[in-house]
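Only one chain is given next, in structure tokens, and it is the form predicted alone.
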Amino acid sequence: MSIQTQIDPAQEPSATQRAYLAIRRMILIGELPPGEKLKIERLRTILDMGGSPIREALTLLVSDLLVERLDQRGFRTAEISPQNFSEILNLRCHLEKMALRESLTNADHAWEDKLVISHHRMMREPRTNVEPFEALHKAFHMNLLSACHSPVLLKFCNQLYDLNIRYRYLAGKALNYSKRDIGKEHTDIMNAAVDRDADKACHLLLDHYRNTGAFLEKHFVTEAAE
């Protein structure tokens, strides 16, 4: 499975973990669209497993804000809206700025090596290979923050990344990045981080997010007009 997860890959996943990863992936890439009722029997057929691990997985996904629990009526995939996206973007900018500053304060050579390697791997992967690219893209962004010594803050940043990436998948080919050099944006962010220039790195990172956010907001406006 290509999309990066929080589950330790060194551990043999349980049935609940397998269900969690599979359903999470389907939600993030849009195979399970926003607001869709999640019927246990249908998921049992798709995943070829029992109902108990699926129910446990859906409960975990509620805490990830990817699934909503319906009173006495089961579960559905979380709804989306321009307002929700704007909230995610604003929180992401605020929290990642805080995490990046702390990460650069604590950064060492091992952190730098990991960041540079993750940037190299991301740059080599064609963006047309969407899921592999997105896994490497997330690894790069999380490695920027990885020297931050606040596990709670990093957990929130990781969660907000996933909520944001869902919107990118849902927008899909509607996004037009032709006027932007995304690769250069990533490289400039990396160079500023390696130089330990926190002000510049934060400025570039937030511009990167807000520029992408502007594309996604245009997508919502276009959809609403159709």
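When you see a residue number, it is the position in the sequence shown, counting from 1. Being a predicted model, the structure only gives us computed values, none of them experimental.
The form predicted in complex with the DNA exists for this protein as well; it is not shown, and the discussion that follows is about that form.
The single option of Leu61, Ile27, Leu170, Leu38 touching the DNA in the predicted complex, heavy atom within 4.5 Å: Exactly one listed residue reaches within 4.5 Å, namely Leu38.
Which pick from His149, His94, Arg73, His120 sits with a heavy atom within 4.5 Å of the DNA in the predicted complex? Residue within 4.5 Å of the partner: Arg73.
At the 4.5 Å heavy atom threshold, is Arg44 in contact with the DNA in the predicted complex? It does: once the DNA is placed as it appears in the predicted complex, Arg44 has a heavy atom within 4.5 Å of it.
Using heavy atoms and a 4.5 Å limit, would one call Lys200 a contact residue for the DNA in the predicted complex? Contact with the DNA, no.
Are any of the heavy atoms in Ser14 no more than 4.5 Å from a heavy atom of the DNA in the predicted complex? Yes, Ser14 lies within 4.5 Å of the DNA in the predicted complex.
4.5 angstroms heavy atom contact with the DNA in the predicted complex for Arg180: No, Arg180 sits far enough from the DNA in the predicted complex that none of its heavy atoms falls within 4.5 Å.
I need the one stretch from 127-135, 152-160, 98-106, 73-81 whose residues put non-hydrogen atoms within 4.5 angstroms of the DNA in the predicted complex. Result for this chain: 73-81.
Scan 42-66 and write down, in order along the chain, each residue with a heavy atom lying within 4.5 Å of the DNA in the predicted complex. Arg44, Met49, Gly50, Ser52, Pro53, Arg55 sit within 4.5 Å of the partner.
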